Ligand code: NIG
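First, one chain by itself in structure tokens, the form predicted alone.
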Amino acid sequence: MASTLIKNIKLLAGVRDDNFLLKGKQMAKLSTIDDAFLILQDESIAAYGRMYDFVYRNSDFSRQVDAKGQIVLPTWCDSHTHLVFPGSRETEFIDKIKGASYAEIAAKGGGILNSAKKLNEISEYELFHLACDRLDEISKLGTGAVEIKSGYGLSVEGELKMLRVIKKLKEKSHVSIKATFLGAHAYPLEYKDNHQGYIDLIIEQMLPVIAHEKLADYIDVFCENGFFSPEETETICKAGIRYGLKPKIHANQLSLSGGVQLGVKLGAVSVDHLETMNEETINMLADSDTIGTLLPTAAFFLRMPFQPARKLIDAGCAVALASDYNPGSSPSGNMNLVIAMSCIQMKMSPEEAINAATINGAYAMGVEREVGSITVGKKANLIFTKPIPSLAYLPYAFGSNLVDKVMIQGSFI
């Protein structure tokens, strides 16, 4: 068995003996060890502590890494992405600059429908290699676990193509990956006036194949005015639950859509976006075990109000942070920027933001037993920062890439 000693760590952050979802005030507590060591056994964390208390001096390690001046923390757990997509949409970006709204672009066949058209024209082989490049990019920026949604197929063949690409990514990559079926992302043009017809297609033709081939872990629906109503969302989620898929819901991005209430009712793992919240929905979320996943780079890109992170946390909610990496509303998977934006624009403390992007993100995608903290037995998925003065410097210096190197399952990438 190969053993690795990482020594002289300036600060080891995200240390946890106990594994639990952080809610409210708990999110401000980020356990750290100054001047620390970390021992890995093959792909896993085996021990850690202060260099002062180091008792393994005569041990024979296969490898030693000197992390002098560096902060070491768990890799980011990005629990909401649309990383598998056929191409960029910068022409719509120009339309937005000229004043077109998200809804106006969608009404003209742009947005999600634009990506769906391109996706159904591209081969599975091409789609896989595009996704591999994006996965490689975000892993080098510190992401060690990622949830990837379908939703740009909007046809039986297109949705299955996306999910098969995600399954292949799972098989080829050492990054922890979860797949979410988001066939209910928008209505295809041919079903614009026949919502029930498309819902039947999802339930009767997509879900049986997805279940048979084990292509998804979760089911998601875009619950929003102009997309899927709460009643339609509930029908689709319950169908997914019957096939063993846990629900996650796109909720309250553009309006008080009812998605939060439905997510809590169904015991959804998370409700995501939450740009539009009121006291009732905040309190309802706080009284539940459902995680509120915030996507600040999407709000930034769409020039929308940022999510009310401070109110959510102060009310006692469990909050996760994710990138929403997609070509239309958040064309970046850089979780370091997500954390900086959360501190700068949503008034989260660095500790809250890091917890939201690590342990709570892990819970939001069901990998909390594998990753998300420095815990004995978890995978050695680690970020090594460049020499920086403090943890707060990470979000403070938002324009700099402060990630020196990344380790996935005990190996540097």
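Just so it is clear, the model here is predicted, and its values are computed rather than measured. Start at 1 with the first residue shown and count on from there.
Absent from the display: the form predicted in complex with the named molecule. The rest refers to it.
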| Which of these residues, T180, N326, S257, T290, gets a heavy atom within 4.5 Å of the named molecule in the predicted bound form? | N326
| note | Assert contact residue (the named molecule, in the predicted bound form, non-hydrogen atom within 4.5 Å, options R134, R89, K161, K117) equals R89
| task | Report whether the minimum heavy atom distance between W76 and the named molecule in the predicted bound form is within 4.5 Å. | result | no
| query | Hey, in the predicted bound form, does Q253 get a heavy atom within 4.5 angstroms of the named molecule? | reply | yes
| Are any of the heavy atoms in F300 no more than 4.5 Å from a heavy atom of the named molecule in the predicted bound form? | no
| query | Is there a non-hydrogen atom of Y102 within 4.5 angstroms of a non-hydrogen atom of the named molecule in the predicted bound form? | reply | yes
| request: Just one of 121 to 129, 204 to 212, 279 to 287, 245 to 253 has residues with a heavy atom within 4.5 Å of the named molecule in the predicted bound form, so point it out. | output: 245 to 253
| Which residues from 262 to 285 come close to the named molecule in the predicted bound form, meaning a heavy atom within 4.5 Å? | H273
